[in-house]
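Just the one chain here, laid out as structure tokens, in the form predicted on its own.
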């Protein structure tokens, strides 16, 4: 049954726009699927390979600007940014990997955090190239309705899910897990840990960057504070995976669903909206204490709470 779940869920999602959902509902679905892709990218690096990053805003922003700069400087459709972002993010990941993958643990996390901030400041100051704080605006949108944007991001998400699954079921996936469990032991067994961490970083960066390129075309506007923010991108990315379930296939999807809906609920409460970061922090603490493996990872523990006491034996 588990084998048929992804195709069934994909088929159901394909029919959703046909039931007459409102524009707002479609927007929420698009955001959920987009954040799922970002979560899958982070999970590949942080969940399966054990390299916790707090700088995924760097990849998201580079993908968004790959698309935006094509339109601004060359008048080319921003959708080509989805393809252009692949080599751009690969090169960016190699550079970041060369700098950061020499470090481990908290030092690696802090280094990635710093690089995300460096790219934000750089984008703000390269005014002639990036328009700085003025940002880049796509004047002619491809579609007015959300339906086709939904199908584009759904296709990207399906491809990302399949890629992660294929990678983790291959030898590459075993090497990632070996590095996560004990990098020194993996080294002693002849695994080139630097090479495989770099591969994980490149795959993670490309998936996140493609989500950024889509965001540019979907929203029609970007600036450095929108696509390179520490909290709204990097930290929320970590929370999406932590809430849903680290090192699980469906964790990023469930985490994105919860985080996006929670953010919308909080925004609808004017008195609480300003404190959304505090509430997200409380949620993260709760998850770490009671559900350290996330909702998907600790699903049996959650369902066990609703079973009769006699059934727990």
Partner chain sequence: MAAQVELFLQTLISGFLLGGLYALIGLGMALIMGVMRIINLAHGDLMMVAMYVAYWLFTLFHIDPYLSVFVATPLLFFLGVGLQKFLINPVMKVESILPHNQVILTVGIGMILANLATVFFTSNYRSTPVSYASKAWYLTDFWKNAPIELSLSAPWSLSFLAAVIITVALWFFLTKTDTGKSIRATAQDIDAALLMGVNVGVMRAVTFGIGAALVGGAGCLFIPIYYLYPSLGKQFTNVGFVITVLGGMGSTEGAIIGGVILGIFESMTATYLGMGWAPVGRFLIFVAALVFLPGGVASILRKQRLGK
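Residue numbers count along the first chain shown, from 1. Basically, rigid core = biggest C-alpha set you can superpose within 1.5 Å across the two forms. The structure presented is a predicted model; accordingly, all values stated were derived computationally and were not measured.
Although not depicted, the form predicted in complex with its partner chain is the subject of the following passage.
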**Asked** Can residue 110 be called a contact residue for its partner chain in the predicted complex at 4.5 Å between heavy atoms?
**Response** yes
**Asked** Does its partner chain get within 4.5 angstroms of any non-hydrogen atom of residue 231 in the predicted complex?
**Response** yes
**Asked** Are any of the heavy atoms in residue 262 no more than 4.5 Å from a heavy atom of its partner chain in the predicted complex?
**Response** no
**Message:** I'd like to know whether residue 46 contacts its partner chain in the predicted complex, with contact meaning heavy atoms within 4.5 angstroms.
**Reply:** yes
**Candidate stretches 150 to 158, 78 to 86, 197 to 205, 110 to 118 - the one whose heavy atoms come within 4.5 Å of its partner chain in the predicted complex** = 110 to 118
**Message:** By the heavy atom within 4.5 Å rule, which residue out of 37, 256, 62, 246 makes contact with its partner chain in the predicted complex?
**Reply:** 246
**Request:** Kindly indicate whether 235, 285 and 292 are, all three, within 4.5 angstroms of its partner chain in the predicted complex, using heavy atoms.
**Result:** yes
**Residues of stretch 28 to 55 in contact with its partner chain in the predicted complex (4.5 Å, non-hydrogen atom)** = 42, 46, 47, 50, 52, 54
**Message:** So, superposing on the core, is the move of residue 283 at the CA at least 2 angstroms between this form and the one not shown?
**Reply:** yes
